[in-house]
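Next up: just one chain, as structure tokens, the form predicted on its own.
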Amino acid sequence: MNAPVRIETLPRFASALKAIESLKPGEPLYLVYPDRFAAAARTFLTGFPGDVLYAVKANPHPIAIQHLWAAGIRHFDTASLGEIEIVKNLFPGAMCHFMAPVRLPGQAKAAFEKYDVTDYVVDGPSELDKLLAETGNPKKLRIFVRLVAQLGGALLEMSSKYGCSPEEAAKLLHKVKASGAAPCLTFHVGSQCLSPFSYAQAIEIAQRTINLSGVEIAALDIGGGFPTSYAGQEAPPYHWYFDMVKEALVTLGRPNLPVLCEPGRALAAQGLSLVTQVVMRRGDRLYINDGIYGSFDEQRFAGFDEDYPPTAVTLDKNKARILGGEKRPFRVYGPTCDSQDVLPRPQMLPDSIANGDFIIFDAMGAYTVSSRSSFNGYYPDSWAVIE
């Protein structure tokens, strides 16, 4: 459902207030901050000891991909043929890695034959057999066996659905090697992982798996999970993660081992803010033009019900200004007819906020655009750039 919008077609403003003054947006408006995308990419490209793959699922919109490409990202963690096509249609020279452990029938064949994708993930023998049959040329493949890494420290665990034990992985590594493909390992410590130590623990599991198998791996993908900072949830600095990973990799005793990572949220979250409008105020309730079925889908999950840092803005004689004054908690409802369309926690906003005023939410670049639906006919898709 992503619109074929390119960066150069978007209106540009010096600030969010200027965008509101000019556009007076009646629909939700995504504000794009190129410098924030660039800073996030630079942090990983200069700090991580290996290839940095942008996890497209975090924000697959062409605008996000174009900004990250402009910032130097050349590798992409793609979880479906559709994501591969989004990236390759924009940048034919991009390097896509098909890092979903289970693929729909025929997708690996299409990715391999049409888009020259050679990196794949498996966590069981049947998916390995299917992958080998579809691609038909194992010597061109790197096949990553996914380990369970249910270690805590992340707000959303990522090991109850995919992954295998070191014992199971050791057997799979042997099968991969016997096929002629390059055997590799991967794991995912969970989304919004606030514990750098989790990566060291997962690398230790990888080491145990290598020892059990006796197979020399060709690469290690440490997955994603790198966090971003939200209001009331400050993430540790990224260099803690990079230092922890570097120290843990030393214990593997393989200084030339290729290493990959798959940041999604960490590269995309800070690059977008969202402007919403108050459609109606009723006492301590605000009804706005975006909600759970739009940009706030992730609020459904435990751990992601922290307060956003909302900023209230009003138009005063066609000039946008930030609303001040005493704040109070408001229940904030989305535009659909579903009574579940409500942010799970009250938002602290000025008591003077009224119909027609605007609310800006920051750090809205990850799992917002990618998760929005057109339920009830609402689909936020307006954009502007803040330079």
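Everything numeric in this text was worked out from a predicted model, so none of it was measured. From 1 onward, residues are counted along the sequence shown.
This next part talks about the form predicted in complex with a small molecule, which is not shown.
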* Any of the heavy atoms of Met99 lying within 4.5 Å of the small molecule in the predicted bound form? -> yes
* **Partner proximity in the predicted bound form: His61 to the small molecule, non-hydrogen atom cutoff 4.5 Å** => no
* Asked: Is there a heavy atom of Asp77 no more than 4.5 Å from a heavy atom of the small molecule in the predicted bound form?
  -> yes
* Asked: Heavy atoms within 4.5 Å of the small molecule in the predicted bound form: does Lys57 have any?
  -> yes
* To do: Look at the stretches 263-271, 176-184, 132-140, 207-215 and give the one with heavy atoms within 4.5 Å of the small molecule in the predicted bound form.
  => 263-271
* Asked: Of the residues Leu81, Met158, Ala248, Ala170, which one places a heavy atom within 4.5 Å of the small molecule in the predicted bound form?
  -> Met158
